[in-house]
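For reference, the chain that follows is the form predicted alone, supplied as structure tokens.
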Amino acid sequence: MQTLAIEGEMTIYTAADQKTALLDFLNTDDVLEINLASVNEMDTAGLQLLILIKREAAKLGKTLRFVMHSKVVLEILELSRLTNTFGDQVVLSPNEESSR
């Protein structure tokens, strides 16, 4: 299993570079994990990237899980009512738990 940690923002300003990196990541293994604990800003472009990478992984027959969702990521997923759509267990990162 390969893990990729995304740090910083997932916004329209970073989407092009992140799209390339995420699609390349799909070729590293059949079981993949994306750690979202350090995502501190997200907009609809970032959400579209998560949807894209999940869809592409499914097309390729790969297992992809999002883990350690930051509070920012959870807020976007809840606002868009997509939390259950991804089918991933939602667990806050330890940093987010202590700030509640």
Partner chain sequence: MSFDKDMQEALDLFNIECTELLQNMETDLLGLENSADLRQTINAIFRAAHTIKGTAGLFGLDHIVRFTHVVESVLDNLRDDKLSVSSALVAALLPCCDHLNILILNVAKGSLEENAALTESGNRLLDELRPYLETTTAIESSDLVLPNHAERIETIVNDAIEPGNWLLFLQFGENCLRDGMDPLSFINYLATLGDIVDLTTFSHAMPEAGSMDPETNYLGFEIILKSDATKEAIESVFEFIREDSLIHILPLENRIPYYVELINSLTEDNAQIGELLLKSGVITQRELEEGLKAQHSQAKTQEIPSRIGQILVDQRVVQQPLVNAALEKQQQIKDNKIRENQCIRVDAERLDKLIDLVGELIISTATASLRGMKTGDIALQEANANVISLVEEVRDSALQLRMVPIGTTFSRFQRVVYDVSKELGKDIKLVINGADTEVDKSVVEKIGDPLLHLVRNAMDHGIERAELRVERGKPPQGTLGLNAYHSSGNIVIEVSDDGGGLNRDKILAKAVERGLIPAGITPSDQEIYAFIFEPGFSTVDQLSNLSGRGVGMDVVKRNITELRGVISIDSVPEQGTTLRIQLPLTLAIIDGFLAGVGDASYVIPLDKVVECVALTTDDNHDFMELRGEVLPFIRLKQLFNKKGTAERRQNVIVVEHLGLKAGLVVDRLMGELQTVIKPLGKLFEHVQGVSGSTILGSGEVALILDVPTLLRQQELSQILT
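Source: prediction; values computed, not measured. Positions refer to the first chain, counted from 1.
Not on display, but discussed next: the form predicted together with the partner chain.
- Though the partner chain is absent from this view, in the predicted bound form it lies within 4.5 Å of a heavy atom of just one residue from T28, T63, S38, T44, which is T44.
- Within 4.5 Å of any heavy atom of the partner chain in the predicted bound form lies no heavy atom of L22.
- The partner chain in the predicted bound form comes within 4.5 Å of a heavy atom belonging to L49.
- Scanning 1-34 for heavy atoms within 4.5 Å of the partner chain in the predicted bound form gives I12, A15, A16, K19, L23 in sequence order.
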